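Quick setup: one chain, the form predicted on its own, written in structure tokens, and binding and motion questions come after.
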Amino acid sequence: MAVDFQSIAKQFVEHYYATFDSNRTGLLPLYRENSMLTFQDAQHLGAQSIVEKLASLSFQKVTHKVSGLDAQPTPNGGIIILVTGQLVVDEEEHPLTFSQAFQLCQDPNGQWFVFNDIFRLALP
């Protein structure tokens, strides 16, 4: 049976941003020790390091507004996802535009996790 990568990608993105916006430390189970995050040029390796970075971001309140989501299957059975959208940070008047790419893989138990995560603000 083929993997419904579009449906998995949509569900993942909804879950990821809902968790990020309400409890960033709750993202820990989505990463593994070999996962990598590149956040505005800075690289973080391992689930703990990634979540520490995300939890240390200076804003108190954030809302992700996804405007685009593209997904494709990868040869190893994974899924690559590209998300574009806007961030509303601490109720600022002007949202920030962002893009984020995820590579999802499955562990030996069939659980999806983030292997690669690349985040970039679209700054002038």
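Residue numbers run from 1 along the displayed sequence. The shown structure was predicted, so the numbers you read here are calculated from the model rather than taken from an experiment.
In what follows, reference is made to the form predicted in complex with another copy of the chain, a form of this protein that is not presented.
Using a 4.5 Å cutoff between non-hydrogen atoms, residue 118 counts as a contact of another copy of the chain in the predicted bound form. Contact annotation for residue 46: none of its heavy atoms lies within 4.5 Å of another copy of the chain in the predicted bound form.
Residue 93 falls outside the set of residues with a heavy atom inside 4.5 Å of another copy of the chain in the predicted bound form.
Among residues of the shown chain, residue 54 is not one whose heavy atoms approach another copy of the chain to within 4.5 Å in the predicted bound form.
Relative to another copy of the chain in the predicted bound form, residues 22, 30 and 62 are all farther than 4.5 Å at every heavy atom.
Along 27 to 47, residues 36, 37, 38, 41, 43 each place a heavy atom within 4.5 Å of another copy of the chain in the predicted bound form.
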